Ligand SMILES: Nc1ncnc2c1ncn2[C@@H]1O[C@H](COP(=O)(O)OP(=O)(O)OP(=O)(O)O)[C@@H](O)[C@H]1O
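Before any questions on how it binds or moves, here is one chain, the form predicted alone, in structure tokens.
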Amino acid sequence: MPVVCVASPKGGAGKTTLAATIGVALRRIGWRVLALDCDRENALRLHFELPSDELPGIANDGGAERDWTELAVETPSGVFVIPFGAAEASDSIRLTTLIGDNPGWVGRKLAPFFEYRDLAIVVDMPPGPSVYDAEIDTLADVHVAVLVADALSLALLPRFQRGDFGWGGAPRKSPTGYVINQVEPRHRLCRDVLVLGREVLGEALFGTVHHDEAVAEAVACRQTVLDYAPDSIAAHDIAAVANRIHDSLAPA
């Protein structure tokens, strides 16, 4: 039962969109997939034709005794989703405090899913450091770090590699694969950043994803680009990233 942790040092990198699409791609490879939303934006559901923000989520759980298997919703793509929930700020703070005061709480909530060896859990992490880092890091089989093809992401890369933006800051036992998102080859700066990123990351670069209008159109239709435009360049790029992740998970 592998866990894929999708994170980014800053917002706006397309982390949630990639997490959702990677989940669909892994489902098509043959995994059963559970997508867990740990981001207060509660946006993961919007990629799976789950428009209602009244769906209960982990923040609405309030840290009570509710079983997370009751929160999992099957989507038309075949991926199960556990939303964060349309929670007030006070609910989010309450959940954060609960997790901080109860180490291992997330793992205990996910325990019923660990029985399924062919189930991959894709976790959409909040941007930057959070209380979820130490919780998910102990469970993750592979980390996926999402960067944008700009100078700022590249400047933040050394700090991200040190763990300044999460995952506890300690050396990770599981591998980290990087994805450079929103690549626009027509822009010179973007090309330069991409070349340097490839030199710095080497084999740790799991792939690049082109800037593609089909991605935004898919989100507007509450789908992933794999469902909305399977022949688009972004769909092919993300499918390739999912294959790299699958190769990392295969021994598990």
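This one's a predicted model, so the numbers in the text were calculated from it and none came from an experiment. All residue numbers refer to positions in the sequence shown, first residue = 1.
Just so it is clear, the following notes concern the form predicted in complex with the ligand, a form of the same protein that is not shown.
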### Query
Which one, L26, V193, V209, A59, lies within 4.5 Å of the ligand in the predicted complex by heavy atoms?
V209
### Query
Judged by heavy atoms and a 4.5 Å cut-off, are G107, D141 and S248 together in contact with the ligand in the predicted complex?
no
### Query
For the chain shown here without its partner, which stretch in 26-34, 198-206, 212-220, 185-193 has non-hydrogen atoms within 4.5 angstroms of the ligand in the predicted complex?
212-220
### Task
Using a 4.5 Å heavy atom cut-off, state whether A13 contacts the ligand in the predicted complex.
yes
### Task
Using a 4.5 Å heavy atom cut-off, state whether S77 contacts the ligand in the predicted complex.
no
### Query
Should E41 be counted as a contact of the ligand in the predicted complex, where contact means heavy atoms within 4.5 Å?
yes
### Message
Is P127 part of the interface with the ligand in the predicted complex - any heavy atom within 4.5 Å?
### Response
yes
